[in-house]
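A single chain, nothing else alongside it, follows as structure tokens in the form predicted on its own.
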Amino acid sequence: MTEGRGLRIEAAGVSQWVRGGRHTLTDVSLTIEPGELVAIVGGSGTGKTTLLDALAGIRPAAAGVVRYDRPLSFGYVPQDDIIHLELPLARTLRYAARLRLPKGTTEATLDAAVRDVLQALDLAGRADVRVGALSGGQRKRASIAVELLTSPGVFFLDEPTSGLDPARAAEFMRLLRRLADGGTTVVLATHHPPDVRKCDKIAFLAGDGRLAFFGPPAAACAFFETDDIEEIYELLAGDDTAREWGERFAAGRADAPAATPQSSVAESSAAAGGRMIGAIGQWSLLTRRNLDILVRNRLTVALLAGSPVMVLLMFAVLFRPGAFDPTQPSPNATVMILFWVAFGGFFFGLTYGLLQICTEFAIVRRERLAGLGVGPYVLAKATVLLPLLAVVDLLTLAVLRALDRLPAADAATYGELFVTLLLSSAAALALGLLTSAAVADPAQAAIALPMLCFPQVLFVGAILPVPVMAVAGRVLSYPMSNRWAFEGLGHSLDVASLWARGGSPLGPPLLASYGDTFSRPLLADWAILGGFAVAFLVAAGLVLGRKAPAQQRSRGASPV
């Protein structure tokens, strides 16, 4: 593989601040030449990642300009791995290549791109190894391999040696040195002093994101009058001393670029290299990748299959057969069976979707920067998981009927039950995807699970009928998707007539407490459940788009 000519980057007067006016970057100006290896260093909270993102155009600066000598074609490697762990390395690179390379790229060209990056990063011998089985250093190289597929002119890396032992960190820095020597501009944020010794220049940030020094590492030691890079961190630890060093450096430099307009404007790597595949192509590709990941993860498959089995076993233990016997019905048991069937469909859908996005957010964020649409991404998740839920729902009804926990009925009735249950699962799956997009990590998703489930138990109308709830409870019951599944199931099985004509004395009082709960047209229940599914999917896309925005245009065309 041949790297493209490195980009020249100019930052002039770049500043960034957060709500309240506190600066995270303060008037940073520097120039990075093509093919240079540059480290952004400094203590914690000095704005290293903020400056890196501003230079990459991911989060444009609030003030100042960033200019490039040609359209921006970049690779961005965050701290977390941006490659799926379940797939073999070469296979996951093929998916990444198909997503990133221009529409119409032939299979031969795609295979050659994957082969070339594996060879360039000394990973050819690990092509068929599952990514999760690679060493930490090899996974870092694999993340670079994903970005190297498009031959970017510049690489941005956030803490690339974090978590690596000294030997692997040194090996990784040698790799970056080779990339820079090959003509690619490389910019990394790091807090690891040994990393800077292989760099051409370092940008030392102090408090409030002030640039305290920019130049070769040896010159940094001379400027700060110290023999050790580590001692510079101590010199810049205090706010007052950080401001003094920043002012001293600004006063003594003559190379700061001016914040004047330029005609160059940043474009995404896809835009610079050709048009990416469209929304339908992305959806198809991601659907295949999701399915590939799913079938290769045996633990996930076991959990997805095991949870319905456990629920069905609890049904068999909890309820006696014959609750729907028309001659001796058990009204209380029928209510609980209908509710737990509805809740089972909800629970399966929710848990299937709850970990789908938050576990791969670093990957999504990077692919969004490469041009991935949130719509194809969210729909691809639903496309793979919904058929699995359909199988689970169908087996649930079949097993419960075989165990006589559900009544004998014709195919049309069971068809209605299946559609109701599947729509309930679809709405819950969409809610799970929305929650997964909104939370920060799997731990928060686990905390959200009971918070989402409890209202679907209390305000559905099974434990306490909706007509006899307090006004607030009745209002809260409307946004509970499980309510409409419960009522739809009861409508299809005509429990109102069953209770009315049965011999149980509980029938008439129970029927009176539910009022017209089960008399609503079934299509209305279906429309409500379908509406929930669509609304939650759209909301998931909106939340994900906000958390992982597509690359924004640089403000280099005019000063801010």
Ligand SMILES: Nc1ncnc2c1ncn2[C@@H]1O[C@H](COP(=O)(O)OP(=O)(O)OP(=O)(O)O)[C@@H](O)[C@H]1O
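None of these values were measured; they are calculated from a predicted model. In this text, residue numbers run from 1 along the sequence as written.
The same protein also exists as the form predicted in complex with the ligand; that form is not shown, yet it is the one meant from here on.
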Which of 46-54, 61-69, 531-539, 513-521 sits within 4.5 Å of the ligand in the model of the complex, heavy atom basis: 46-54
The single option of D195, D81, E159, E360 touching the ligand in the model of the complex, heavy atom within 4.5 Å: E159
Of R253, R178, H191, R474, the one that lies within 4.5 Å of the ligand in the model of the complex (heavy atoms): H191
Touches the ligand in the model of the complex: T24 (any heavy atom, 4.5 Å): yes
